[in-house]
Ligand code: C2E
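Below you'll find only one chain, the form predicted on its own, shown as structure tokens.
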């Protein structure tokens, strides 16, 4: 049938006719039918290949065999044995009764020795014991039956010894019709042979019956159970291999019985599962695509899709040219402050509003994406109307500044920093164009925010230099190129050296004649702070300075205060209190001889955290100083709450105090403020005797600067202190 359908299909094809849908459907249905027919025809063979079939067959076979064995052992075999023994006994009884002489006295043997010998020779009887009616022993003939007198009255007594093949029984007067008891021992090997033959015949019959019943049962199970199971298994296997489009034929089994109904239900579940999988897969693919390429908050394309679109737009046309387009990256200024102060609900609403405003302001040809938490990116083809990237950026900035964003009846004026790059003017690689826009954006943020910066190669060089500086700085830490220099601090009233400020220096080896150069702290400190590397560097500085001060005290009896600068990252990102305590404990230095200098701008970031940290440090026993005081925005109300020991006047005020009345007034005010708050005041940047005289006149407590000494290595600092006579006037003018 299938071959006919295939022949018809080949004939139509050979004749140049297109196969019809009916041809394919007929071929498909016949193929299904014949495949299933083949499955059913092979089911007898499949029955005995099935592990389940073998288990069922073994269980049925053993069950039938066990039942038959139990019937034989507890039913037919004992009955057969009893019957055989009764026949043997009856034969012996008849033979004994035949030779009994009825004329002799009761107390005499009723048969002669000759008769007994003939009896023992011609019958299965091998021994006799003769007793009177009153159980008096008369005689024993042949093998002793070993029967006790006390059990002669037990008419049911028998003893069948299968090991030695003999049978002992008692013939009473009723059996013999004479007043005697006869204990008879008989040869039972014949009975044993009969029983063995009987058992063997029964075993053969049981095996044949078990095999027959098992075979019939398995054929029936194969037809009524295994074939449906194989059919359902084939359908499930097809569904497993191709769950979305399983090739399953209709069930040929009666749906009204349990198995047929189960198969029909399984087929429906397979088809339903295939339909559900198709729908779920389609929905999942859509969801995955949306999650992979779109921002869930704003619905805009994300950075991944934006980069892909850039790559597509950057492809050359058939004439070898490519469209020019602008890439604009936007960062909302100080957006973190809105999230922290108003909550993420307000922040998310603003982000959605910005996205909506940007999308509506840009033409359809532009791609607007959200590329970061508070960052957006726009790609827009340049045309005669808007032919520069800056025009696009100015339009974006105008859109954001146009009016405040209203969220929950609150108005928020949002500002943005914008970076601009142009394809292919600034780069021909799409990723590089976006990177250039990000570099310009970072420069806009560095230069005050709320502005537009167009990409320049100088920006890229600066970024590369910063990254190189960071790599070199990491190497410097690893290869111990960092050093500490110390600048003396003196008491302005007594002239005594009371302390030293530890200052970080970086000697970078090179191939020059000098073997290396010093890198200015103004170059590498900002890089360390931006990268977070300042935290491990600052910890190294604190531990090294404290160790040096402890060595000066122990080895040279030099009891001075060591001042160490603490960066904002150390103050806010690390456990400065715990680390300071560990250093003091490990080094063994007096905590009052350690001073931590923190700039006042750090204090203003988080007043609560600042006060708590300062109090914890003060509890350790270290001294605290506000460095560069007067250059930040300190509030006197907060300053009263800080456990500060010293104010440090920024060197810019001291250097200009003699020439600029404003700077002199600021220095004078800081000294007066320190006196009012009972704080020591130290002035740095003292370079001349005139500076010194000014500070003495105003009542400053301590000084440091080039007038006394530049920052110098540890050994030179020790020589300075040991050779200093305590007279400030001994320092010559530089």
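Numbering follows the first chain given and starts at 1. Just so we're clear, the structure is a prediction, and the values are computed from it rather than from any experiment.
Note that the form predicted in complex with the named molecule isn't included here; everything after this is about it.
Colleague: Is every one of 503, 541 and 651 within 4.5 Å of the named molecule in the predicted bound form, counting heavy atoms?
Modeller: Yes, all three are in contact.
Colleague: Choose from 55 to 63, 680 to 688, 694 to 702, 661 to 669 the stretch whose residues reach within 4.5 Å of the named molecule in the predicted bound form, heavy atoms counted.
Modeller: So the stretch in question is 680 to 688.
Colleague: In the predicted bound form, which of the listed residues (400, 566, 427, 350) lies with a heavy atom within 4.5 Å of the named molecule?
Modeller: It is 566.
Colleague: Among 621, 521, 190, 249, which has at least one heavy atom within 4.5 Å of the named molecule in the predicted bound form?
Modeller: Of the listed residues, the single hit is 521.
Colleague: Residue-level question: is residue 377 within 4.5 Å of the named molecule in the predicted bound form, judged on heavy atoms?
Modeller: Judged by the heavy-atom cut-off of 4.5 Å, residue 377 is well away from the named molecule in the predicted bound form.
Colleague: Under a 4.5 Å heavy atom criterion, is residue 610 part of the interface with the named molecule in the predicted bound form?
Modeller: Output for residue 610 is no: heavy atoms all beyond 4.5 Å of the named molecule.
Colleague: Since only the chain is shown here, I'm wondering whether residue 331 would be in contact with the named molecule in the predicted bound form (any heavy atom pair within 4.5 Å).
Modeller: So residue 331 does not count as contacting the named molecule.
Colleague: Within a 4.5 Å heavy atom cut-off, is residue 534 in contact with the named molecule in the predicted bound form?
Modeller: The answer is yes: residue 534 has a heavy atom within 4.5 Å of the named molecule.
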